[in-house]
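Given as structure tokens, the chain that follows is alone and in the form predicted on its own.
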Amino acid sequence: MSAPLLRVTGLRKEFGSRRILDIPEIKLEAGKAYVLTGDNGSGKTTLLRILAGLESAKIETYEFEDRALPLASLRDWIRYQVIYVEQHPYLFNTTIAHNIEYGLKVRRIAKPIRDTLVSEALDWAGVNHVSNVAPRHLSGGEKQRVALARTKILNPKLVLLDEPTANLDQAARAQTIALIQKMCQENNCVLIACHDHDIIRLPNMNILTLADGTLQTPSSSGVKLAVIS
């Protein structure tokens, strides 16, 4: 049996005297899609940010592709493999095409290759019509699709999405969910924190539930469960 893409043990997070998370183990398999559910304030966003190396926590081991990574410099080790997309994605005050291209420039990808990849990402996300528009003129759904395109273009092994359909109208939700489904089908490991039943019911979705600071199996029947320890 192959090793999981990500395995974290002994994860604990406290704010003052309050323990927010106490998770003995979480494992995510390569190419699989997961939904992280739980009440508001249960720690879903905090957990995603910890897994992305953006927020500190007490962790015994953080293993990526069966390799134990140094916790002191975790973000430096996983920044090309793990991408976290916030509920309200931050976009630079430039064109949408430049926003999508940004990560490729940081990685010093040659301009002709960047141009091709950006064009493909714009098509994939259905945002060609706003490629030369400033972010302030976009709707919430368009911003979310741009953020997904900017993520896809970098081809991370693990994508962490935080409430990607929150506060979107029905049409924008449907467009965003369609992109998430494509991403799940394209061999990325995707972990989505949300309450959206349309995402939860996507085919082959594995369910993780946060309650009382730890991961629990859901009681609902007919849902494929993730491996939870």
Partner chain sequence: MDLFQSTRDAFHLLFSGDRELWGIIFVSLRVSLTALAIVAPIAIVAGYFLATKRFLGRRTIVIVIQGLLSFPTVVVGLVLYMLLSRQGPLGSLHMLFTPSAMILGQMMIVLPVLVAFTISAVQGADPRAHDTAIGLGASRVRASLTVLWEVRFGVMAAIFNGFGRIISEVGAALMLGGNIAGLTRNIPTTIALETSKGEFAQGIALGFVLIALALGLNFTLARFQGEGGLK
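Numbering follows the first chain given and starts at 1. Here the structure is a predicted model, which is why all the values come from computation and not from measurement.
The form predicted together with its partner chain is left out here; the points below concern that form.
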Legend entry - Partner contact for residue 80 in the predicted bound form: its partner chain, 4.5 angstroms, heavy atom: yes
Inset, instruction - Tell me, yes or no, whether residue 93 is in contact with its partner chain in the predicted bound form, where a contact means a heavy atom of each within 4.5 Å. - result: yes
Legend entry - is_contact(residue 113, its partner chain) in the predicted bound form, heavy atom dist at most 4.5 Å: no
Inset, instruction - Please run the contact check for residue 124 against its partner chain in the predicted bound form: heavy atoms, 4.5 angstroms, yes or no? - result: no
Legend entry - Heavy atom within 4.5 Å of its partner chain in the predicted bound form - the one residue of 58, 27, 49, 195 that qualifies: 49
Legend entry - Whether 88, 106 and 154 all lie within 4.5 angstroms of its partner chain in the predicted bound form by heavy atom: yes
Legend entry - Residues of 51-69 having any heavy atom within 4.5 Å of its partner chain in the predicted bound form, listed in sequence order: 54
